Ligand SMILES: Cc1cc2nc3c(=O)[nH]c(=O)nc-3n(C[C@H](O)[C@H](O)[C@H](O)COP(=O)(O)OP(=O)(O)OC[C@H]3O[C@@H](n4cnc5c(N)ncnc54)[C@H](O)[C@@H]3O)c2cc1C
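Here you get one chain, nothing else, as structure tokens; it is the form predicted on its own.
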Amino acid sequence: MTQSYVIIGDGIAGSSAAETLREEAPDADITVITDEGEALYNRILIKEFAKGKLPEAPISIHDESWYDERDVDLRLNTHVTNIDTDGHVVRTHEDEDLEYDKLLVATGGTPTQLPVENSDAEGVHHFWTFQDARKIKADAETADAGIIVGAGLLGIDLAAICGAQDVEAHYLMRGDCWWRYALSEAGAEIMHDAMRERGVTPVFDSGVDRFEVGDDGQIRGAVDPNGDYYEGDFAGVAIGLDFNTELLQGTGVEQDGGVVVDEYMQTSVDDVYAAGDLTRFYDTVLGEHAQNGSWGSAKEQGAIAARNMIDAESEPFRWVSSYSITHFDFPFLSFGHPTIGDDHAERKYSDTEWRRLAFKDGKIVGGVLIGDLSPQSGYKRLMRDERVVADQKDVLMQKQFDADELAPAQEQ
């Protein structure tokens, strides 16, 4: 019998799943539902668009003809109102019932809103969708001053947008450095200096107590918890994601800070899978459940989920993710899970070159490279191989690191 697959979400996880399903199940019925009004686009490149470095055209990955050519039923601007996992039916806002044999939930998340006064004012932006990028770009092109909140990987995109658009901005951070869970002050200061060179001033031990607005409802500035005032014609907020899991209420799908899936992307409910940002997946490298929001990880999860939807438990998800930043005169890359671990090693090689590895039980579980990314392949290989290497930090931190110079695993 022809199998029916329904995918909720047309980000890279959902689209990758649809593509894999069509390649490996050519006769299947495939439906993709998304509440967005446009098909898959490159979330990585929307920051370059907002910086004014790219036109809209290269951002789109698929147009509607891509789905037509693959006989995939794409439903744009469509909201799921109910999932009946017993009856294997998805209901949309138009009261249409779509039956499925296997269901994939890849709905991602919605940016978390600051719980402060006037956080919904005109000019306060979150940076997640292509439409968000369009609004930020429009405001940045006319702004003199900006405010950035959120000392993580999305927040620094907003800082780079301000720098590229010649907007003087204050970057309000709660801690004593940028991305303090993954970087020490020595590594973070490289990033701070790069921001300052572009007119973005880091403000530490700060944050937002409230936004000030004018009579027209437009943001005029922000007051931090210390009582200090910062002028801003617009603000960018990137403090995390609230996962889009409302549609799973009453389904019995287990959640724990995300949708819990095993290494095959299967949820706790038969025939329901999940992939992408919203998953709390079993990481076979770590040997425990983890989360990762990188583009590459989401794409691979979608493909793996699709294969297991076709042939249950046929292929586990095993992946060492990475995330790169190209905003500055030096490259930046994080891989794995750099914010966890029970031990670490780091070294600064120059004003724009620094490296840190995180270990757990003697094994590399993640790291950050600034300035020189050449060691990444060796570090990732060691992580995938689950080698115990923390006792060889001197070798690992050599400027010209070569994984083959490590003592053989059996001799450790």
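Here the structure is a predicted model, which is why all the values come from computation and not from measurement. Each residue number is its position in the shown sequence, starting from 1.
Keep in mind the form predicted in complex with this ligand is missing from the figure; the text below concerns it.
> Can you work out which of Q165, S206, T85, S322 has a heavy atom no more than 4.5 Å from this ligand in the predicted complex?
Selected residue: S322.
> Would you kindly say which of T78, Q291, S119, T112 lies with a heavy atom within 4.5 Å of this ligand in the predicted complex?
Contact with this ligand in the predicted complex is made by T78 alone.
> For T267, is any heavy atom within 4.5 Å of this ligand in the predicted complex, or not?
Contact check for T267: no, nothing within 4.5 Å of this ligand in the predicted complex.
> Is F127 part of the interface with this ligand in the predicted complex - any heavy atom within 4.5 Å?
Yes.
> If you check in the predicted complex, is I12 within 4.5 Å of this ligand, heavy atoms only?
Flag for I12 set to yes.
> Against this ligand in the predicted complex, would I44 count as a contact residue? Criterion: heavy atoms within 4.5 Å.
Contact check for I44: yes, within 4.5 Å of this ligand in the predicted complex.
> For the chain seen here without its partner, which of 217 to 225, 255 to 263, 295 to 303, 174 to 182 has a heavy atom within 4.5 Å of this ligand in the predicted complex?
Looking at the other structure, the answer is 295 to 303.
> Non-hydrogen atoms within 4.5 angstroms of this ligand in the predicted complex: do G108, L247 and D277 all have one?
Contact check passed for all of G108, L247 and D277.
> Heavy atoms within 4.5 Å of this ligand in the predicted complex is the criterion; list the residues of 150 to 177 that meet it.
In sequence order, L154, D157 come within 4.5 Å of the partner.
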